[in-house]
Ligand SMILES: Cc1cc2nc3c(=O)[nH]c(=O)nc-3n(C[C@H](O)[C@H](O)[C@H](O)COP(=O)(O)O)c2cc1C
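Only one chain is shown below, in structure tokens, and it's the form predicted alone.
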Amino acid sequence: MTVGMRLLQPLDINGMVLPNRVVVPAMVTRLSGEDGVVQSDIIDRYVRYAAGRVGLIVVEATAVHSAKSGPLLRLSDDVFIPGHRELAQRVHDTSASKVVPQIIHFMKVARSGWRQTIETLEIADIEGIIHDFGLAALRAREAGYDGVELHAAHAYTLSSFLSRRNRRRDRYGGHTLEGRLALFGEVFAEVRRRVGNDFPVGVRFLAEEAIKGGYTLPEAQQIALRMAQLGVDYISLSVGGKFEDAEQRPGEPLYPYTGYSGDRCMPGDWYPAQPHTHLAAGIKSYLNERGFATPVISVGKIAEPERAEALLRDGQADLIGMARQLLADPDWTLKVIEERSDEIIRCVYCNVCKDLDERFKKVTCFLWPKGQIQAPDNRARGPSPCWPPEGASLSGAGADGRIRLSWSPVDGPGAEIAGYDIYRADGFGTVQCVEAVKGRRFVDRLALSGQTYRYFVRAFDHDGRTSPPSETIAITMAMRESSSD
């Protein structure tokens, strides 16, 4: 399978040669303290991705200024350079993976629900933002990173200027697209002046705001075109994650991933696979048709190697970004390289990681061993889980809109399992993995009465080794009895 895979081919981005096309986008870990200093847990998280052979590792949002926040990395002062230097060096010592920090400016948010908006910024404030981005990028270069990524997505400052909801009326104002692009252009120019032309500078911005009155693909294409014209070295895309539709929780600051746009940013298990790939494809084709080959990163529930490869082969993207999938299994790339794709631990998009981020708790994965703050080490490979001689004893019944399944535990030397994948198909569809659970019971609440469904279960351990499929059972959910007066 791996022979000739475009997914595993190198890519040169302004001298930064990625060993493959797999990217872990910036994903907050909450492993740092409020002092913003890189420490051992942070380093271990990113070294783990490097050990898994991820092509490009983007370090979580790192502040360019000193505004108060929760656990958040910083590059707002030279004092932070040593920690970042150690992180970059450890990644480079581990594999050929490349690593860049994502640098961010954000505005104030209060527990009362009040938040600062870009309309309140004075010109002197804007000049300070431009200056801070430039110095933070320079520190990234001095720390030994391979490049730097500008955060112009979600609810934060640069994205708010790019937004159709920009209410300013000066030269940075939202009454024209040129005005909305002005601050990004000035920030990029200052960053390029500081780091030089031979240091890769990427950007992450929104392919769609996913809020009422926000911009959609046609304007995102023009924004991407201007970024390409300015000379950005790659474009990473996201969707949503805005303050405008965030849900206010009493006594808590607004969290920009609680509304519909937050769902679109990190689509959960109820969304289909790859809900955003058409956006990256639309932006890539728009740039290519106008003579720009700026690499485009596509993201959003891309988890299967075959599907990732198809996106690259079909010219819909240049790189594939996976945040939650690589959190669940940092060895995704290594397993593809070694033709062990059947051992990949599939993210189930339960968004426990998102909930932990929202509560300022250390971000871990539901599928990891309980209490562990890093993904298990895949290198110690043992026997695969197996069912007892009598099988899984899979049983179930359907009534009251639910189909309930239960089964026996695995047996033998591979009995230390992480969970069970549940597979389902109706009489007209293909078999799909619909859920992963840690216990030995599952309730399917998305079954229709009168329909027959087929189920089987596979156990998996913390290294992704899976058992053979259990026996298959067919269940028809009983029709609800109609009531009459």
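Small disclaimer: the values here were computed from a predicted structure and weren't measured. When you see a residue number, it is the position in the sequence shown, counting from 1.
Below, we turn to the form predicted together with this ligand, even though it does not appear here.
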- Query: Would His154, Arg204 and Arg324 all count as contacting this ligand in the predicted bound form, using a 4.5 Å heavy atom cut-off?
  - Reply: yes
- Task: Heavy atoms, 4.5 Å, this ligand in the predicted bound form: which of 166-174, 366-374, 90-98, 348-356 makes the cut? Say which one.
- Result: 348-356
- Could you tell me which one of Met266, Leu287, Leu405, Leu319 places a heavy atom within 4.5 Å of this ligand in the predicted bound form? Met266
- Residue among Leu138, Val299, Ile344, Ala210 with a heavy atom within 4.5 Å of this ligand in the predicted bound form: Val299
- Interface membership of Thr333, this ligand in the predicted bound form, 4.5 Å heavy atom rule: no
- Quick one: is Ser238 in contact with this ligand in the predicted bound form, heavy atoms, 4.5 Å cut-off? yes
- Any chance Ser159 has a heavy atom within 4.5 Å of this ligand in the predicted bound form? no
- Query: Taking the shortest heavy atom distance, is Ala418 within 4.5 Å of this ligand in the predicted bound form?
  - Reply: no
- Which residues within 14-51 place at least one heavy atom within 4.5 Å of this ligand in the predicted bound form? Pro25, Ala26, Met27, Val28
